[in-house]
Structure formats: structure tokens, C-alpha cells
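Take a look at this single chain in C-alpha cells; it is the form predicted alone.
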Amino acid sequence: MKGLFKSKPRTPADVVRQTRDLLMFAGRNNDTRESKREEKMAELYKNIRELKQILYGNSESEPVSEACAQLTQEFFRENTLRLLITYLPKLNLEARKDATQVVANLQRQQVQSKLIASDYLEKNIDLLDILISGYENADMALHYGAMLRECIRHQTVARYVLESQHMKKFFDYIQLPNFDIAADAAATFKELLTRHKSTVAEFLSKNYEWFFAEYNSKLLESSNYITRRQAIKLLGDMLLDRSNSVVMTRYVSSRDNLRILMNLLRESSKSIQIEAFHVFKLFAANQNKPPDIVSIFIANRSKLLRLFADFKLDKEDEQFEADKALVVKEIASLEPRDRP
């Protein structure tokens, strides 16, 4: 007889629906007695863990694509993502970690060959404001930061962030005193500026003046060694990317930018020197150097040639040596140019 009353196993959609109800309960500041509230929250944590297991599988089984599709469809049908992001601060640490993994995975789930997370976020773009502002909350920063990086896999979402006022905040987030949060913000910043090539090229062209003014003063000239090292590496990645060739030409035509790069070449840190060289060589290789750039090279010629004579990598690198030889040859052969 017992078998007749066994409860039917829950479908992935049932788990999402129950999670949604429990999240709404968590968000209410109601007068539920403490024991009842604890019971409900424990149920919510269990459900979020179950969602994670459906999406990722566990030690015994791989995820089932049909179950994942069902879960994904239900998740975005009734705003469960909004509830999970909004009420994340009310969850305990383990549930926050599980929720972060659920949100990350959902960005990649396809339903009938469509990334429905992208469409949802386009219609609920204000959720990105919550995720970005998470960097201002030490308890939430790493969870929201990880979610944010997964959301900007979608080009429309990345474009929204790039074009928003939030971009300016990243220059401060990268320098927060909490190392883990600063590093997380730097990882998101890098992702924003390297993932979607055409969108990034458009953003840099439109926002060249303020962006590089901030980049130079706050990052490349930062008093923090790690900030400088990350910034010069990222600058090289951006300028050497073919899709940013117009921006690169503009950057290497500025005497102020050249001055900053020459200072970075003189750093005691070998890794900063090497990354700086990869950007500096673009100034030297520019066949249309403005007269003031030529003048700076000529005025500093002997110092630069001395610097490069001793400039070696720890391991032999043919490409680096070839680049260095070209730079040395270019600087050695420069003649003063009349100003137009």
C-alpha cells in the first residue's frame, strides 16, 4: 500500500517554480515566526542546490539536456533571475555560491538553439545596474562580479555596460583597497574591453578622450604596482588588436602617451618594462610620426639606445629580439622633422 502514496518526483520546472515562491518569501519582511522562516530558508537553499545539480550534474551523473532546457525556459518565463539577483544578499554564503553558478550556467544554456538569457537581459537591462553596483558591497562583490562577467558574454549586454555611466566607476573599483574585489573588477574590465571586438572598437573611438585620460592617469600612472602592471598589459592587448587599429594610430600620435610609456620602460619591474615595450614599439613603428614625437625620440635617443642594449628577456625569444632590433634601427635613423 505504501507505494501508492509516494509523491511524484518534481520536474525541473517544478523546482524553479518552488524556488521562485521561496525567493518571494525571502524578500518579504514579514512577521513570520523565526522557526518557520528558518525552515523556509533551508528549503530555498536546498532548491538552489538542486537547480545547480540539474545544470551541472553531480559525481554520479552528467546533466540531461532536456532537463536543462526545461529549467532554463521556466527560469526566464517568470522573472526568477530578477528575484535571485535581487534577493541574493538575503541568502547564506553557500547558497550565494550555488546561485552564482546557476546564473553563470544559464547564460550558456540554449533552448531550441537560442540563448534565451540574452533576450531576457535585453528586456531587463537594469539588472546589470545591480550587478555592477555590487562592487560597492564587500559581501556581494565577488558573487555579483562573477555573474556580471557571464552576462557580458552577450554582446548587447556588454554594449549596454560600455555605453553606461558605470564604465567610469571601474577605474575606481580596480583600485579598491580590498585586493580580491579590485582583482575581480579588473577581470571584468578586461573582459569588457577585449571580448566583443567590433563593439569595443566603436566604444573606444567614440569615447577616446575621457577613456584614455582616465586610463593614463588612474591606471598607468597609479602608485599601485599591480594596477600599473595589469593596465599596461591590457593596453597592449587592446592596441595590438587589429580591430582597434584606428584607436591605436591615434594613441601612438600623442606625446603625452609617449612620455608615460617611456616612464614605464624605466620601471624596476621587468614584467612592466616588457609589457611597456610592446606598446612603445608601436610609437617607433608608426610611419607617420608627428614632429613632436620625432623630437622626443631624438632628444632621448642615447638614453633609449643604452636602455635597449641591456634589455633582455630571461628566456631567449627570437620575436622579441627582432622587434627590439627594429625599434633600435628606427630610433637610430631618425632625422628632425620640420613642423607643418
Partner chain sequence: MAHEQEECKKIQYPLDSSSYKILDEIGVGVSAIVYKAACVPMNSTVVAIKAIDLDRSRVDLDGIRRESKTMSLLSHPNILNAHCSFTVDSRLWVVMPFMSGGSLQSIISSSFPDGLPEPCIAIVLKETLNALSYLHMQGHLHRDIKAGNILIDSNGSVKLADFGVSASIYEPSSAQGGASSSSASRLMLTDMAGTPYWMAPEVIHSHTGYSVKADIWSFGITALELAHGRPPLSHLPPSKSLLLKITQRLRLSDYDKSNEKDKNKKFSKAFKDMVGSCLDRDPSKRPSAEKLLKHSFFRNCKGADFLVTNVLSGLPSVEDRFRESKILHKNGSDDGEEDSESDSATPIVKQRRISGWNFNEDGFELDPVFPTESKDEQIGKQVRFGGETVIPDNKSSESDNPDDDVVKQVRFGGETIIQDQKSNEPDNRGDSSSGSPGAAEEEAQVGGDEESEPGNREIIESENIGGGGGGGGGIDRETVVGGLLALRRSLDEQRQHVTDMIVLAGGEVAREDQLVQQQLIERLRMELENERQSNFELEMELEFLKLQISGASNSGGTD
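On a predicted model such as this, the values are computed, not experimentally measured, just so you know. Positions refer to the first chain, counted from 1.
Below, we turn to the form predicted in complex with its partner chain, even though it does not appear here.
If you check its partner chain in the predicted bound form, you find no heavy atom from any of 73, 118 and 250 within 4.5 Å. Contact with its partner chain, judged by heavy atoms within 4.5 Å in the predicted bound form, is confined among 258-266, 234-242, 201-209, 172-180 to 172-180. The single contact residue among 278, 49, 40, 312, judged by any heavy atom lying within 4.5 Å of its partner chain in the predicted bound form, is 49. Comment: its partner chain is not present in this chain, but in the predicted bound form one of 86, 164, 224, 110 has a heavy atom within 4.5 Å of it, namely 224. Shown alone here, residue 66 lies farther than 4.5 Å from its partner chain in the predicted bound form, counting heavy atoms only. Using a 4.5 Å cutoff between non-hydrogen atoms, residue 78 does not count as a contact of its partner chain in the predicted bound form.
Interface residue remark: residue 308 is not counted as part of the site for its partner chain in the predicted bound form, having no heavy atom within 4.5 Å. Taking the partner from elsewhere, residue 217 is found to have every heavy atom lying beyond 4.5 Å of its partner chain in the predicted bound form. Applying a 4.5 Å heavy atom cutoff to its partner chain in the predicted bound form picks out 270, 271 from 270-287, in order along the sequence.
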